[in-house]
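Let's start with one chain on its own, the form predicted on its own, as structure tokens.
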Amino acid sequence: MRLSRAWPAALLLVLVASPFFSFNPFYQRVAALVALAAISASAWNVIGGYAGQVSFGHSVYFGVGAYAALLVFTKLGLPPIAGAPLGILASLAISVIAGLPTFRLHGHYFSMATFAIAALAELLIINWNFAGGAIGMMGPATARSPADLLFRSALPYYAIFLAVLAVLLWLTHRMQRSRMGFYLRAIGAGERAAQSLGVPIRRYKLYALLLSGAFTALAGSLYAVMIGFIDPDSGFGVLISVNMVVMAALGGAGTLFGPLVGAVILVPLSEASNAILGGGSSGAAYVAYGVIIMLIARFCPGGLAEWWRVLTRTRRRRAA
């Protein structure tokens, strides 16, 4: 029994440490993108997985964080990472302004409202010349100081992303065991039942959105720092929100490591398709995500986490 519980942790440790022993730049870059995607999906999981509020508008937080990083560089000459706190503050304000009205909606109406907010934000940034309009903005071409975080290798970015992901997973783990975690799971199971038990629904949904939006904005800032370029599509595109939803759903929404598992599976597949199709695989990505969503909804609504629990339970019964 102990061995069956230990080998998944050992496998995860090997996967996390393997990029540090690899000399393949492509593999290192993919590992950094996996860690960054895991941050975004885990942040979405707080509101979408635990509270059951399926948001398709989290690209707003991601884009705000990314644009804040490059705005402080282009307009103030500061290192891009200095814009991360501004992006987090902006995400908190957006959560309050947009979250309180949309929390009155339920189910697919809430999802449609968040999708509309994301589409409106992308339209506004396209027509905002101060932020580069449809062209976007560039980061520093050469490192002026270590604070610019310009590295030739992707390993330093991978280490930074891992540290942020570890903090987010630790906070999520603490949240799971706290009153907030129980309240969010009750809200996700049924808002009417939770309200009848005295759960302050709107308050705790706002708490979850604040935490989720802040880390999503931080992920956007880190993305802009590593890539050094941002435009409306890469910052506010609908595919960014879809990525978060599909990763969390594939691995297991409402679980601690589910979004991480989804990122480990989907990001390498996406990068491989980009390499094969020459970067023009956005349409193929939509098709693939649609197929994945249908398969999850039909055969495994709880994601791979639920499939793993069922498999281990079946093995234990056979062994008994």
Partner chain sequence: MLLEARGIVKAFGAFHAVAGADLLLEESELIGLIGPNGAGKSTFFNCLSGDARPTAGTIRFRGTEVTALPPAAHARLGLARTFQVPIVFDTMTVRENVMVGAFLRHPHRRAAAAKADEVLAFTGLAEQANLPATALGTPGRKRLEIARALATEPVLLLLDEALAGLPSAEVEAAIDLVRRIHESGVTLIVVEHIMEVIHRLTRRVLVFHQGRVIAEGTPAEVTADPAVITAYLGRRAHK
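Numbering follows the first chain given and starts at 1. Since the structure is predicted, the reported quantities are computational estimates derived from the model, not experimental observations.
Just so it is clear, the following notes concern the form predicted together with the partner chain, a form of the same protein that is not shown.
- In the predicted bound form, at least one heavy atom of S178 sits within 4.5 Å of the partner chain.
- Contact annotation: A193 falls within 4.5 Å of the partner chain in the predicted bound form, judged by heavy atom distances.
- Contact annotation: P156 falls outside 4.5 Å of the partner chain in the predicted bound form, judged by heavy atom distances.
- Residue contact check for L169: none of its heavy atoms lie within 4.5 Å of the partner chain in the predicted bound form.
- Checking 159 to 167, 197 to 205, 212 to 220, 81 to 89 against the partner chain in the predicted bound form, the stretch whose residues place heavy atoms within 4.5 Å of it is 197 to 205.
- Among the residues V72, V238, A186, I94, the one placing a heavy atom within 4.5 Å of the partner chain in the predicted bound form is A186.
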